[in-house]
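Encoded as structure tokens, the following chain is the form predicted alone, with no partner shown.
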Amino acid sequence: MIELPRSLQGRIHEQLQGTYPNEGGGFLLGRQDGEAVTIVDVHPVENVFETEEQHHRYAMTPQDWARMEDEADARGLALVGYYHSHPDHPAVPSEYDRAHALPNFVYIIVSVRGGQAAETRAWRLTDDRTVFDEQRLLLL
């Protein structure tokens, strides 16, 4: 189960609606207890993918990743996952998402249709990296 405060979901939706028609994304900071994850904060990260591909691709720099790891550690939290949008597509991981995912992370995908957040779903990559399993997303 993935616990996400509604206030953080609102911040994610606002950001991703603002990046439409391109993909947007960021990091999820929180705590993990076995399979349960509680998200405590979110941090938007600029999409650095090639401009002409940003409508269906999202990327960040290694420096973004390192900075978020350091911030999480300083706050006694963990980098538990990542969120991004799928403009005018379902909130289902793509093959590109699978190829670039890590099994220990939570992935929240938001379908943004016509500039409005339409669906939010949570996923985890299986240990063998072949498929994503949908996770129960509990809004608090």
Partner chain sequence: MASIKIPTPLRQYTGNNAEITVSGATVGEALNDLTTRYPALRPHLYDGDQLRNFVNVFVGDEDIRFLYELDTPIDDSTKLRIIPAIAGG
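Numbering follows the first chain given and starts at 1. It should be emphasised that the depicted structure is a prediction, and the values quoted were computed from it without experimental measurement.
Here the subject shifts to the form predicted together with its partner chain, a form of this protein not shown in this document.
Undergrad: On the criterion of a non-hydrogen atom at 4.5 angstroms or closer, are A59, Q63 and H84 all touching its partner chain in the model of the complex?
TA: Yes: A59, Q63 and H84 each sit within 4.5 Å of its partner chain in the model of the complex.
Undergrad: Is D70 close enough to its partner chain in the model of the complex to count, meaning some heavy atom within 4.5 Å?
TA: Although its partner chain is absent here, D70 would touch it in the model of the complex, with heavy atoms inside 4.5 Å.
Undergrad: Find out whether any non-hydrogen atom of A101 is located within 4.5 angstroms of its partner chain in the model of the complex, and reply yes or no.
TA: Although its partner chain is absent here, A101 would touch it in the model of the complex, with heavy atoms inside 4.5 Å.
Undergrad: Quick one: is R129 in contact with its partner chain in the model of the complex, heavy atoms, 4.5 Å cut-off?
TA: Yes, R129 is a contact residue.
Undergrad: Using a 4.5 angstroms cut-off on non-hydrogen atoms, would A78 count as touching its partner chain in the model of the complex?
TA: Heavy-atom contact with its partner chain at 4.5 Å: present for A78.
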